[in-house]
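First comes one chain, alone, set out as structure tokens in the form predicted on its own.
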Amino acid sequence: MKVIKINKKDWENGINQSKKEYQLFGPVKEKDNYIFKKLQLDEYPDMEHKDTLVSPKSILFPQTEKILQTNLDESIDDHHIMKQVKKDYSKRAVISIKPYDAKAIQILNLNFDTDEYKDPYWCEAYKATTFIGLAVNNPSVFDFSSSTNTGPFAEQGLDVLLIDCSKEYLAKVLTDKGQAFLDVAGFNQETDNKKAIEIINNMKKKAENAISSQISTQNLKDKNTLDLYEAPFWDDIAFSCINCGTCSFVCPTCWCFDIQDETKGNLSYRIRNWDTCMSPLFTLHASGHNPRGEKTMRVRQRFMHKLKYFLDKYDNGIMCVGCGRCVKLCPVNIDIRKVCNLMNSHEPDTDN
């Protein structure tokens, strides 16, 4: 594994060079928060940001996306025939993605790229994207990624992992796509690999030790699904929930969406929008029946999906990467860490 040294004095020049071949996306400050957005010619990724309001999953899976279109003008030969909307899938790179968000992209890939079904919009965007990660030297108090099969220096889903070493970045080259990006940017100063890896491992250990927040998941796989479904704690967890959907929209692993058709003049579009299982409308049938009409049912569904259904289906960890966004931003302080520990330790009442 090769490690490249990048002097911070050369960073902006390299970013400018890479813009000649790549669309670049990175974190920038917007009002009081940081968001991932496409970088303009005079913009650079903020490498000092602590966390973004939402994850960069929107680069591959936009919050609102036109997927099909048709013309209703009957004088046109192919009127009323839905066609895929043309999109720009030229090379792109996501700069400064946190390791837990890169892991989340891998989780989303399990849903959008399967043997049975391949979502063309996701798959084309994913294939075009290079992921340049930034290790987390100082995890936040909300970060519990080390107990969710990822961590502050995790490499899964990344093409390059950058490590901030004060005056320079050490770049671990993880894939050919990562090497290609570094070549275009002109980042080619090799270093003493053995010494660099030693520095990185020491920083990794320090960062992992700084994470004080943990969850327990070791028993979830063996728990009976119906026992957890009927556990007595769901009403208490859901009591304060206001169904705002914040947890879903900031979550890097949520993949639910709604489809709507919109028409203006002779043009009609089929549009995919993020949706949330916290909404009473999410499972409302045309008949008027709603299988999750009560708030408790919706809260239970969210946590059962994240922590039990997903685990049972894929047997590859829970559907959570420990970023802590939902914990930080929930207006009524519902905490997935507490819910996970309750589920993990739950024992059914055998007296009834």
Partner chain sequence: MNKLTQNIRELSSNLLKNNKVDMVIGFKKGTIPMAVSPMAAHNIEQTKEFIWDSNCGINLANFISDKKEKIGIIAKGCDSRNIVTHITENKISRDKLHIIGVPCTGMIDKIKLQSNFNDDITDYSENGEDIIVKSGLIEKNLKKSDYLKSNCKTCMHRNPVIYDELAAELVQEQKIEDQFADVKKIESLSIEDKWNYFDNLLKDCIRCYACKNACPLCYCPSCFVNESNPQWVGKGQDKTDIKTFHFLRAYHCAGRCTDCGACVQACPMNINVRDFTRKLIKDSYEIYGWEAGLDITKRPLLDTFSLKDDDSFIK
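Since the model is a prediction, treat every value here as computed from it, not as a measurement. Numbering follows the first chain given and starts at 1.
Missing here is the form predicted together with the partner chain; even so, the following discussion is about that form.
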| property | result |
| --- | --- |
| Proximity of V327 to the partner chain in the model of the complex, heavy atoms at 4.5 Å | yes |
| Interface membership of K50, the partner chain in the model of the complex, 4.5 Å heavy atom rule | yes |
| N273 within 4.5 Å of the partner chain in the model of the complex, heavy atoms | yes |
| The partner chain contact at I76 in the model of the complex, heavy atom, 4.5 Å | no |
| The single option of T175, Q214, S140, N188 touching the partner chain in the model of the complex, heavy atom within 4.5 Å | S140 |
| Residue (of E43, E30, D46, E294) lying close to the partner chain in the model of the complex, criterion heavy atoms within 4.5 Å | E30 |
| Residues T64, G245 and L281 all lining the partner chain in the model of the complex, heavy atom within 4.5 Å | yes |
| Listed range touching the partner chain, judged in the model of the complex by heavy atoms within 4.5 Å, from 234-242, 202-210, 93-101, 146-154 | 234-242 |
| Partner contacts for 309-339, taking the partner chain in the model of the complex and a 4.5 Å heavy atom cut-off | V327, K328, L329, P331, V332, N333, D335, R337, K338 |
